[in-house]
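Take a look at this single chain in structure tokens; it is the form predicted alone.
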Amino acid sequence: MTAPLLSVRNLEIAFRSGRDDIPVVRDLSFDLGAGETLGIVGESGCGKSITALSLLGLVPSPPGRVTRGQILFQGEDLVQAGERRLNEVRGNEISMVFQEPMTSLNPVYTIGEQIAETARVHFGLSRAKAWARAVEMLSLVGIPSPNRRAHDYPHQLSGGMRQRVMIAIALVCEPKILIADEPTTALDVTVQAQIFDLFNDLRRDFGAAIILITHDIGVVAQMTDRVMVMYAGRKIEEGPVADFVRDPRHPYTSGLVSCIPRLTMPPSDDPEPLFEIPGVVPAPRDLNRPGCPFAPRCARVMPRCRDENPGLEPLAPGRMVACWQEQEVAA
């Protein structure tokens, strides 16, 4: 089998609070193959974004740090890499589209200058060639009149166009991995569809692997090959996207899928209420308690769930779940 492009092994990330290190990501392992799209899903606070930041060495330190594990990119452990090497990787080999384009773009520079800067830093291009590359990228991501728009400032663009600029910056060096953190937040459905079409085109044209972070199950079903579900800083289920949508096995995953609104034809005069998962994600300080962290919210909880935290066990090739009930059924 071909070695994965990215292999994360037993990753743990903690934040310092007083004299204590509070883990926010625990014992996380996953692989990403070349040209593959991996979806990472879960509620806010489950550790998705901080995991993505750790891949680029961007966990804010202090107070955060990687306390254990490996991030193997083409066999090289980025946890042990120095800042100089990480600067070579960021934007050049692994790029990230951040969640809020308005706060991620610099308001005092034109969008052309911000794209060209990445090309100058990593490729050593002259200003003229870097500017030409920036205009080329704006055209590639579907921004009309790219020669004129390259002189615009971020506030002169719509939300969808700013997101396209963020994608252009991320792809200017044709990275091997693109991380997209909630790339369509606050965008209307028409623009969302355009962004996803753009991702599919770019994966086809550049052959890049994509990590798509989202809480939108519809996006996962449309865009990904494989899904990893996170809860309270842990991976609790992983498998092909078709299995994830049609046959979720962890109670939390089932809840996420059940939360999707469903239209009926003809529309019902007495629709069923939308399903909701009761309770909230536990605070990181509470994760040292015994038992499954989802047990207080789980409708299928068993006595064992409150005393022991289940580990990940394979259910089928490519599928694994951390749930006592599912593991007993499989056994």
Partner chain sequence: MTDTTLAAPKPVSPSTQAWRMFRQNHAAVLGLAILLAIIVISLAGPFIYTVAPREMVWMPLTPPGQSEYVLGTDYLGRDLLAGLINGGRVTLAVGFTAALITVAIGITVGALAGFFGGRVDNLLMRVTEFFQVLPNLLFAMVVVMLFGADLLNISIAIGIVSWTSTARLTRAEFMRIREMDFVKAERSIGAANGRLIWKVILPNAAPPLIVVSALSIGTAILFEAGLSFLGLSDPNTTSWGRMIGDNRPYILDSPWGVTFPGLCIFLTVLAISLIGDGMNDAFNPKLRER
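Remember, it's a predicted structure, so these values are computed and weren't measured experimentally. Residue numbers count along the first chain shown, from 1.
There is another form of this protein, the form predicted in complex with its partner chain, and it is not shown here; the text below is about that form.
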(message) Against its partner chain in the model of the complex, would R148 count as a contact residue? Criterion: heavy atoms within 4.5 Å.
(response) yes
(request) With heavy atoms only and a cut-off of 4.5 Å, decide whether F206 touches its partner chain in the model of the complex. (result) no
(request) Verify the contact flag for L56: yes if a non-hydrogen atom of it lies within 4.5 Å of a non-hydrogen atom of its partner chain in the model of the complex, no if not. (result) yes
(request) Tell me, yes or no, whether E136 is in contact with its partner chain in the model of the complex, where a contact means a heavy atom of each within 4.5 Å. (result) no
(request) From the candidate stretches 209 to 217, 244 to 252, 106 to 114, 195 to 203, select the single one in contact with its partner chain in the model of the complex, where contact means a heavy atom within 4.5 Å. (result) 106 to 114
(message) Taking a heavy atom within 4.5 Å as contact, would all three of M96, Q156 and M166 count as contacting its partner chain in the model of the complex?
(response) yes
(request) Work out which of G91, G160, G142, P240 lies within 4.5 Å of its partner chain in the model of the complex, going by heavy atoms. (result) G91
(message) Could you pull out the residues of 3 to 41 that have any heavy atom within 4.5 Å of its partner chain in the model of the complex?
(response) none
